[in-house]
Each structure stands twice: as structure tokens, then as C-alpha cells.
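We begin with a single chain expressed as C-alpha cells, specifically the form predicted alone.
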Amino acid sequence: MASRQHRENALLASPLVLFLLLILGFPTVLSLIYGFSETSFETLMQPQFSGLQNFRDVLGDPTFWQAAGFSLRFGLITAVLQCALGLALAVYLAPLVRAHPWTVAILIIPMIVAPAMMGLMYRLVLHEFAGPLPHYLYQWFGWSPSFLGPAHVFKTVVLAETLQWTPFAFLLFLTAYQSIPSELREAASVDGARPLRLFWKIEWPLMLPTVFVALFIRFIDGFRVFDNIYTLVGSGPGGSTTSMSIYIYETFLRRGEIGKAMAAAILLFLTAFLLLALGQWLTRRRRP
């Protein structure tokens, strides 16, 4: 009986498995072939096997390590900021959301806009010569920083990413906060627990798994960031905002080094896979 059910499940799942193999398998195999070959646009149809040469070229490229350092720093900072702000908003606005659920639709508007469109919007608003924000800062205070210049560009892209994706963390934390049984809060209130102590002793421990998941998701998303930064400032002054994804894009399309770009993409995939495995391992360790 069990074997029959197993065959039926396999039969039902086979169309989805075949679809995924067709859609994901072919690009993956092609990327592996190009990653281990000397490939350019001229030799795209006839790649020449070169072993690990592309990986040696990538690992020996200072721009790659600059991009890796930027992605790591950007992912960590934005993940922490988004989760801290999202948690604060979820706890502070929970009574308002409970009374007026429609306010959630307003709070998540930045998350709905396409990241590329957000990058273009910030580029227009912050442009040194045509942007309204620098114009009015100079008109009112006689001073206006170059938001997209070398001194402030990292803070600008971090702020843009944080403002757009804090609503995502807010939704996760709001759901976790509202799922805490009201009996726990009532019992703590009867015992005389103040709101701050109630949060640290009861609500925070119950929300901690959600905090960990949110931090991990936002770090992965920040580490592989591309569209909003690229439309806002490109690779930045001196390549200061070149993320791993931007590095792969420019290596592939601008320099035509397809094999090297695919090797960098494979390294990025392996890094993300290892981080995901580490996150799952840490999650299992936290379970009782």
C-alpha cells in the first residue's frame, strides 16, 4: 500500500520535476560549461575547456574582492537596520493596525514598487544638479552634500535599500507579534509586569525565531543586490558600489568575459548555498 502511494505521488510530482529540470537544469548546465571554458561572444558556440583558469582569474581579481566586501558589508548593515526598524514599527503600531487593518496597505507601499523604479526615483531626487533635495538644502541652509559622491554614496544606497525593504521585515514581525497568545500578556499584566519587561521577557523570546529568519532573508537579498543600486548610481565612484551581481553583469556584458562571469556566478551561488545551509543548521539547533 505504501509503495503504491509512493508511485502515485511520484507520478503526480513528475510534471513539476520535469518542468523545473527543463527551466533550471539547462541554464545551470550551460553556466557550468561556460564557467570551466574560455568563452567570449566570439566563441560562444565553441567554448574551449580551460579547467579552473576562470576561477583563478576571478579569485585573483581585486575588483572581485572589492565587490565581495561591498556585498557583505551592505548585506549585514541593511539586514540589521531593516529588522531593527521593522521590529520597532511592528511593536509600536500593533494597536493601530489592530484597530485599522487597512493601514498595513499604506505601510507596505515602498515594498510594492519595483526596485529598479525606486533606484530611478532616488536618482532623480538626489541628483546633484537636477535633484530637488540638494536644491532645497542649498537654498534653505546654504549647504548640500553630494549624495551620490564618494563620501556619501554608500550611506545613500544603504538608506535607499532600508527604506524600501523595512516593510517586509515589518510584516513578518507584525504577524509574529500578533500570533503571541493574549493570555500570556494578560497573565504578565496581572503579575504587574511593565510593557518593557513584558516585551523582553515574553514577547522577544517568542519572536526570536522570526527575527533570525528575517535577518537571514534580508542579508541574502542585500548580498545579491543589483537593480536598485545599478539604476541609482551604477558601480559608483571608483567602483565603490559594485556588488557581486553588478560585478558579474559588467564582466559578462561590458567586458565580454563570459567564462569569468560564469565562474563568479558559480562562486556566488556556492556562497549563497553555504549561507542557506548554515542558516538551516542554526535553526535546527535552536529547536528544543
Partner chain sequence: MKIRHNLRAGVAALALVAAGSVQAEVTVLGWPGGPEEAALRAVTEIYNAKADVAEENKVELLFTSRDGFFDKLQVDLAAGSTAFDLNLIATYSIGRYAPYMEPVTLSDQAGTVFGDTVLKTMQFDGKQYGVPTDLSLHFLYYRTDLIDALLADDAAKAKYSEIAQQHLGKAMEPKAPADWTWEDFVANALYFSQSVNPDSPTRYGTVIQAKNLLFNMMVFHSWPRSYGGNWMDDAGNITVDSEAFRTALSQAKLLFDLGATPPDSTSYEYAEANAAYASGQVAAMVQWNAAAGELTAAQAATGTTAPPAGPEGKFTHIHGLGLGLNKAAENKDGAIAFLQWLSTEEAALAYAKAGGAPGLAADTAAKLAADRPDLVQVGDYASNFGFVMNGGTSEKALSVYEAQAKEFTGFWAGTQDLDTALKNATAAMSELLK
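Take the two forms, find the largest set of C-alpha atoms that superpose within 1.5 Å, and that set is the rigid core. Everything numeric in this text was worked out from a predicted model, so none of it was measured. Positions refer to the first chain, counted from 1.
Omitted here: the form predicted together with its partner chain. The next part is about that form.
Its partner chain contact in the model of the complex: F49, any heavy atom under 4.5 Å: Answer no; every heavy atom of F49 is more than 4.5 Å from its partner chain in the model of the complex.
Touches its partner chain in the model of the complex: Q53 (any heavy atom, 4.5 Å): No.
Partner proximity in the model of the complex: L232 to its partner chain, non-hydrogen atom cutoff 4.5 Å: Answer yes; at least one heavy atom of L232 falls within 4.5 Å of its partner chain in the model of the complex.
Close approach of L126 to its partner chain in the model of the complex, 4.5 Å, heavy atom: Residue-level check for L126: yes, a contact with its partner chain.
Those residues of 253 to 273 which, in the model of the complex, come within 4.5 Å of its partner chain by heavy atom: Result: L253, R254, R255.
Shift of F26 between the shown form and the other one at or above 2 Å (CA, core fit): Yes: F26 shifts by at least 2 Å between the shown form and the other one.
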